[in-house]
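For reference, the chain that follows is the form predicted on its own, supplied as C-alpha coordinates.
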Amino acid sequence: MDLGLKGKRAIVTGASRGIGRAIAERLAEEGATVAICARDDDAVQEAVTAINDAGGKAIGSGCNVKDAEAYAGWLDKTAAELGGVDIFVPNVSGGGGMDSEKNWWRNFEIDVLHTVRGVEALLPALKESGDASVVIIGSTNAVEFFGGPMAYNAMKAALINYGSQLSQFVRAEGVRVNSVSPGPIYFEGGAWEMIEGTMPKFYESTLRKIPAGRMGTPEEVANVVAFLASPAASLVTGTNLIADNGYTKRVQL
(Lines give C-alpha, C1' and ligand atoms only; values in the text may rest on other atoms or scores of the structure.)
Protein backbone atom coordinates (compact mmCIF):
# COMPACT_ATOMS: atom_id res chain seq x y z
CA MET A 1 0.00 0.00 0.00
CA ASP A 2 1.33 3.40 -0.99
CA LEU A 3 0.84 5.69 1.99
CA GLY A 4 1.36 8.80 -0.12
CA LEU A 5 4.29 10.09 1.95
CA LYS A 6 6.71 10.63 -0.91
CA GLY A 7 7.86 14.25 -0.93
CA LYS A 8 6.36 15.04 2.47
CA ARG A 9 8.43 17.04 4.95
CA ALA A 10 8.49 15.71 8.52
CA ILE A 11 9.92 16.82 11.86
CA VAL A 12 10.40 14.18 14.56
CA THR A 13 11.79 15.11 17.96
CA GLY A 14 13.74 12.73 20.16
CA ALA A 15 14.66 10.63 17.14
CA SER A 16 18.21 9.48 17.75
CA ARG A 17 17.09 6.09 19.11
CA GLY A 18 14.10 3.98 20.09
CA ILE A 19 10.60 4.84 18.91
CA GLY A 20 11.56 8.26 17.54
CA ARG A 21 14.42 6.81 15.49
CA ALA A 22 12.15 4.09 14.09
CA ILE A 23 9.52 6.69 13.14
CA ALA A 24 12.07 8.82 11.31
CA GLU A 25 13.41 5.78 9.48
CA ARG A 26 9.92 4.60 8.49
CA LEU A 27 8.88 8.00 7.17
CA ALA A 28 12.14 8.22 5.20
CA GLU A 29 11.58 4.75 3.77
CA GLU A 30 8.21 5.96 2.50
CA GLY A 31 9.86 8.88 0.70
CA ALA A 32 9.47 11.71 3.20
CA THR A 33 12.32 14.07 4.02
CA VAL A 34 12.81 13.94 7.77
CA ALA A 35 14.37 16.38 10.21
CA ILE A 36 15.28 15.08 13.64
CA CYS A 37 16.66 16.30 16.94
CA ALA A 38 17.77 14.99 20.32
CA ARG A 39 19.98 16.35 23.08
CA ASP A 40 23.10 14.49 21.90
CA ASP A 41 24.25 16.00 18.60
CA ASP A 42 26.62 13.08 17.92
CA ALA A 43 23.74 10.62 18.23
CA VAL A 44 21.63 12.77 15.92
CA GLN A 45 24.37 12.87 13.30
CA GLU A 46 24.75 9.09 13.48
CA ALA A 47 21.01 8.66 12.88
CA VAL A 48 20.99 11.18 10.02
CA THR A 49 23.93 9.42 8.36
CA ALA A 50 22.28 6.01 8.75
CA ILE A 51 19.02 7.22 7.19
CA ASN A 52 20.81 8.88 4.29
CA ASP A 53 23.05 5.86 3.73
CA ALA A 54 19.92 3.71 3.52
CA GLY A 55 18.62 5.86 0.67
CA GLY A 56 16.46 8.24 2.66
CA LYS A 57 16.66 12.00 3.09
CA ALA A 58 17.39 13.32 6.56
CA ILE A 59 18.77 16.36 8.31
CA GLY A 60 19.12 17.13 12.00
CA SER A 61 21.08 18.56 14.88
CA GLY A 62 21.21 18.53 18.65
CA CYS A 63 18.56 20.43 20.56
CA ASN A 64 17.31 20.38 24.14
CA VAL A 65 13.55 20.84 23.82
CA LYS A 66 13.35 21.91 27.47
CA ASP A 67 15.14 25.12 26.47
CA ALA A 68 12.21 27.05 24.98
CA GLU A 69 14.32 29.61 23.12
CA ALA A 70 16.72 27.08 21.64
CA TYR A 71 13.85 24.77 20.67
CA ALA A 72 11.93 27.58 18.94
CA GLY A 73 15.06 28.55 17.05
CA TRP A 74 15.67 24.97 15.98
CA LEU A 75 12.10 24.59 14.73
CA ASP A 76 12.22 27.83 12.74
CA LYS A 77 15.58 26.95 11.18
CA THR A 78 14.52 23.40 10.40
CA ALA A 79 11.18 24.35 8.87
CA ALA A 80 12.98 26.84 6.63
CA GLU A 81 15.58 24.27 5.61
CA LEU A 82 12.84 21.76 4.74
CA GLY A 83 10.94 24.40 2.79
CA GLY A 84 7.80 23.78 4.82
CA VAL A 85 6.34 21.16 7.14
CA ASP A 86 3.69 18.51 6.45
CA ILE A 87 4.18 16.19 9.44
CA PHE A 88 5.10 16.86 13.06
CA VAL A 89 5.75 14.04 15.54
CA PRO A 90 6.64 15.36 19.02
CA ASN A 91 8.22 12.30 20.60
CA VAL A 92 10.50 13.53 23.41
CA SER A 93 9.51 12.46 26.93
CA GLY A 94 10.84 13.04 30.43
CA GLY A 95 10.14 9.40 31.33
CA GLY A 96 8.74 7.88 34.52
CA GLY A 97 9.52 8.17 38.19
CA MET A 98 7.83 9.01 41.50
CA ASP A 99 10.76 10.18 43.61
CA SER A 100 9.88 13.87 43.99
CA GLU A 101 8.01 16.92 42.72
CA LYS A 102 10.78 17.47 40.18
CA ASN A 103 9.28 14.68 38.06
CA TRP A 104 6.07 16.67 37.65
CA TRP A 105 7.93 19.75 36.50
CA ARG A 106 10.19 17.73 34.19
CA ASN A 107 7.33 15.85 32.54
CA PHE A 108 5.24 18.99 32.23
CA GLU A 109 8.06 20.91 30.59
CA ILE A 110 9.32 18.10 28.37
CA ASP A 111 6.26 16.04 27.50
CA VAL A 112 3.54 18.70 27.49
CA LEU A 113 5.21 22.04 26.80
CA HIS A 114 7.58 20.65 24.18
CA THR A 115 4.55 19.34 22.28
CA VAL A 116 2.47 22.51 22.69
CA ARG A 117 5.37 24.81 21.83
CA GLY A 118 6.19 22.71 18.79
CA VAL A 119 2.63 22.77 17.51
CA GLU A 120 2.30 26.51 18.04
CA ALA A 121 5.60 27.22 16.30
CA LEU A 122 4.86 24.96 13.32
CA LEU A 123 1.13 25.56 12.93
CA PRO A 124 1.51 28.29 10.25
CA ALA A 125 3.66 25.96 8.13
CA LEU A 126 1.33 23.01 8.76
CA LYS A 127 -1.69 25.06 7.70
CA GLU A 128 0.18 26.20 4.59
CA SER A 129 0.74 22.55 3.69
CA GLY A 130 -3.00 22.04 3.29
CA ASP A 131 -2.63 18.32 3.99
CA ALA A 132 -0.74 18.17 7.26
CA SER A 133 -0.66 15.81 10.19
CA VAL A 134 0.42 15.99 13.83
CA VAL A 135 0.93 12.65 15.58
CA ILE A 136 1.38 12.94 19.34
CA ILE A 137 3.06 10.08 21.19
CA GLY A 138 0.97 9.12 24.21
CA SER A 139 1.09 5.96 26.32
CA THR A 140 -1.21 3.24 27.60
CA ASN A 141 -0.12 4.51 31.04
CA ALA A 142 -2.48 7.41 30.36
CA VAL A 143 -5.59 5.25 30.01
CA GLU A 144 -5.10 2.49 32.61
CA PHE A 145 -3.39 2.06 35.96
CA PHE A 146 0.35 1.53 35.72
CA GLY A 147 2.90 1.64 38.52
CA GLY A 148 1.36 4.40 40.62
CA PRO A 149 0.54 8.14 40.49
CA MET A 150 3.40 9.10 38.19
CA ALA A 151 3.75 12.45 36.46
CA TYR A 152 4.50 10.58 33.22
CA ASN A 153 1.07 8.90 33.27
CA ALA A 154 -0.79 12.14 34.01
CA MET A 155 1.09 14.21 31.44
CA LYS A 156 0.55 11.62 28.71
CA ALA A 157 -3.17 11.78 29.52
CA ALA A 158 -3.00 15.56 29.20
CA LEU A 159 -1.36 15.23 25.79
CA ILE A 160 -4.08 12.89 24.52
CA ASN A 161 -6.73 15.36 25.64
CA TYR A 162 -4.80 18.24 24.08
CA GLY A 163 -4.57 16.37 20.79
CA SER A 164 -8.29 15.68 20.75
CA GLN A 165 -9.15 19.32 21.44
CA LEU A 166 -6.59 20.56 18.90
CA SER A 167 -7.96 18.26 16.21
CA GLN A 168 -11.32 20.03 16.31
CA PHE A 169 -9.66 23.41 16.22
CA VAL A 170 -7.46 22.95 13.13
CA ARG A 171 -9.11 20.35 10.89
CA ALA A 172 -10.90 22.93 8.76
CA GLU A 173 -7.49 24.44 7.99
CA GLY A 174 -6.08 21.21 6.59
CA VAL A 175 -4.38 19.78 9.69
CA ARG A 176 -5.23 16.39 11.22
CA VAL A 177 -4.20 15.60 14.80
CA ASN A 178 -4.03 12.12 16.33
CA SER A 179 -2.25 10.34 19.16
CA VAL A 180 -0.58 6.95 19.25
CA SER A 181 -0.31 5.29 22.66
CA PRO A 182 2.23 2.47 22.79
CA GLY A 183 2.18 -0.18 25.47
CA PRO A 184 5.42 -1.79 26.69
CA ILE A 185 8.02 -1.43 23.94
CA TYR A 186 11.34 -3.25 24.20
CA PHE A 187 14.56 -2.10 22.56
CA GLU A 188 18.24 -2.03 23.41
CA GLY A 189 18.96 0.79 25.81
CA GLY A 190 15.27 1.39 26.48
CA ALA A 191 13.32 1.49 29.73
CA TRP A 192 12.08 -2.09 29.49
CA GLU A 193 15.57 -3.49 28.97
CA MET A 194 16.57 -1.65 32.16
CA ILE A 195 13.51 -2.97 34.00
CA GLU A 196 14.27 -6.51 32.82
CA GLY A 197 17.68 -6.31 34.47
CA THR A 198 16.79 -4.40 37.63
CA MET A 199 13.21 -5.51 38.36
CA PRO A 200 12.86 -8.95 36.78
CA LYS A 201 9.70 -9.91 38.70
CA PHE A 202 7.91 -6.75 37.56
CA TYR A 203 9.14 -7.33 34.02
CA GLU A 204 7.85 -10.90 33.96
CA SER A 205 4.50 -9.94 35.49
CA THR A 206 4.06 -7.29 32.80
CA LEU A 207 4.95 -9.76 30.07
CA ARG A 208 2.31 -12.18 31.35
CA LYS A 209 -0.35 -9.51 30.90
CA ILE A 210 0.31 -9.26 27.17
CA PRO A 211 -1.82 -11.84 25.29
CA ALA A 212 0.76 -12.21 22.53
CA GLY A 213 3.44 -13.02 25.09
CA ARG A 214 5.86 -10.36 23.89
CA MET A 215 6.40 -6.64 24.02
CA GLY A 216 6.21 -4.44 20.97
CA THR A 217 9.07 -3.03 18.95
CA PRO A 218 9.80 0.57 17.94
CA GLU A 219 9.34 -0.45 14.31
CA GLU A 220 5.78 -1.61 15.00
CA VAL A 221 4.92 1.72 16.62
CA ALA A 222 6.52 3.51 13.68
CA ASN A 223 4.25 1.67 11.24
CA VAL A 224 1.20 2.96 13.11
CA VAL A 225 2.54 6.51 13.23
CA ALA A 226 3.41 6.48 9.54
CA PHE A 227 -0.12 5.43 8.65
CA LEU A 228 -1.76 8.12 10.79
CA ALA A 229 0.64 10.75 9.46
CA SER A 230 -0.10 9.82 5.86
CA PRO A 231 -2.85 10.80 3.42
CA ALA A 232 -3.97 7.15 3.61
CA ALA A 233 -5.50 8.10 6.99
CA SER A 234 -7.27 11.17 5.59
CA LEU A 235 -10.49 10.32 7.43
CA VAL A 236 -8.82 9.89 10.83
CA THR A 237 -8.46 12.81 13.22
CA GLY A 238 -8.94 13.31 16.94
CA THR A 239 -8.28 9.66 17.75
CA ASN A 240 -5.96 7.99 20.24
CA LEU A 241 -4.79 4.74 18.69
CA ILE A 242 -3.64 2.11 21.20
CA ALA A 243 -0.65 0.09 19.94
CA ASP A 244 0.11 -2.43 22.67
CA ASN A 245 -0.30 -6.04 21.52
CA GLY A 246 -3.41 -6.38 23.68
CA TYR A 247 -1.83 -5.16 26.92
CA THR A 248 -4.64 -2.65 27.58
CA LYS A 249 -7.76 -4.37 28.86
CA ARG A 250 -10.35 -1.60 28.62
CA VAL A 251 -12.97 -1.75 25.86
CA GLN A 252 -12.04 0.79 23.16
CA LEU A 253 -15.27 2.69 22.47
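Because the structure is predicted, anything quoted here is derived from the model rather than measured. So that there is no doubt, residue numbering starts at 1 and follows the sequence shown.
The form predicted together with a small molecule is left out here; the points below concern that form.
Candidate site formed by 15, 139 and 156: every one of these residues places a non-hydrogen atom within 4.5 angstroms of the small molecule in the predicted complex. For the chain shown alone, residue 135 is not a contact residue for the small molecule in the predicted complex, no non-hydrogen atom being within 4.5 angstroms. At least one heavy atom of residue 152 is located within 4.5 Å of the small molecule in the predicted complex. When the small molecule is considered in the predicted complex, residue 10 lies well away from it, no heavy atom lying within 4.5 Å.
Interface membership of residue 38, defined by any non-hydrogen atom within 4.5 Å of the small molecule in the predicted complex, is confirmed. Between 39 to 47, 197 to 205, 26 to 34, 223 to 231, the stretch whose residues reach within 4.5 angstroms of the small molecule in the predicted complex through a non-hydrogen atom is 39 to 47.
The partner is absent here, but in the predicted complex a heavy atom of 92, alone among 87, 122, 92, 177, sits within 4.5 Å of the small molecule.
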